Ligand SMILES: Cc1cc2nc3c(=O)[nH]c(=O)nc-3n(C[C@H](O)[C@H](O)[C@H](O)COP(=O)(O)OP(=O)(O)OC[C@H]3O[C@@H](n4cnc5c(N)ncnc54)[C@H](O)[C@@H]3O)c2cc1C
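First comes one chain, alone, set out as structure tokens in the form predicted on its own.
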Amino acid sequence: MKTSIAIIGAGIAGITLARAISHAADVTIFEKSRGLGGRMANRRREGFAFDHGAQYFTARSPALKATAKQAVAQGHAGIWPKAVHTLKADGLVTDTRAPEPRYVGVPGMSAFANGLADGLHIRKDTTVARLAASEGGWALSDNEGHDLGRVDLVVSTAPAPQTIRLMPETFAGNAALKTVEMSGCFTLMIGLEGPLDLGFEAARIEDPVLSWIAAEAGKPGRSDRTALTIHSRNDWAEANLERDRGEVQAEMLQSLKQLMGQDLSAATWIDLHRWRYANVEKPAGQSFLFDEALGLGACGDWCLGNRVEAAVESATALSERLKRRLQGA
């Protein structure tokens, strides 16, 4: 009988790990949301579409380059943007850096994760809230105490603050988890009926409140309806995470008005999303965490850095460790 493994979280780390070990183990991914991809997320409202999490990813390792190129060939990904400019109060600074391929999911960011997850066993809308030692393995239950089954090994790919709440006090990785620092972000989504010429597809913003703006229509496979995605600064978000959402939205719109010279507060569609754990400020400094005796592990971008590729690298490193254990079993 194959070793049973529960992976918590169907973001890129969880999917990468599952793909690497599913041939050698009985793997189930538990995902609390309805969709896959974690922060590689998209939202559709009133005919508008927004990538309201990660805006793109780069691929620098040979493995991720090959995966990204395959996803493009299969229609799950495309290349965008050609350049990332900088928007300041006194105007736009053109990006003159050497071009590097940047990838997005098609027709939305989560499509990249969906393509990678094809064939995997995933239980969506299922939150693992508690682990209890059981017959040499672990019994899983949700917030209401409902039984989610028993497995031999558990790996959490959730953000470090969520992982540490799940792991028992005896988990060997707890000290490293406590060193991780993450910050939040607010995403403002604006849908307009008519066209809006920004003069660019994407730009970083130098501003006390805002950090990013993108025009969604320029991305491959998207609707041509005018949809803007605007991210706050992480430090500003951290200082305002528990603030009234209406106040947060109003302040972000005011900053956008000052930068663009246009008031978009009466747009056809406006929405705000809060990411509590959006950015890795201080990683664990280890490729992954694994407690051999307990059969518990953790991996994710927060282990190594703040890029999608960091999540892939972390999951790949843990998969090698787990393969050795599975071969020994």
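Each residue number is its position in the shown sequence, starting from 1. Not measured: the values here are computed from a predicted model.
FYI, the form predicted in complex with the named molecule isn't displayed, but the following is about it.
- Stretch-level contact check against the named molecule in the predicted complex with heavy atoms at 4.5 Å: of 264-272, 23-31, 65-73, 287-295, the positive one is 23-31.
- Among heavy atoms of residue 159, some come within 4.5 Å of the named molecule in the predicted complex.
- Contact annotation: residue 240 falls outside 4.5 Å of the named molecule in the predicted complex, judged by heavy atom distances.
- By the criterion of a heavy atom within 4.5 Å, residue 223 is excluded from the residues contacting the named molecule in the predicted complex.
- The named molecule in the predicted complex is approached by residue 278, whose closest heavy atom lies within 4.5 angstroms of it.
- Residue 57 is the only member of 57-77 with a non-hydrogen atom no more than 4.5 angstroms from the named molecule in the predicted complex.
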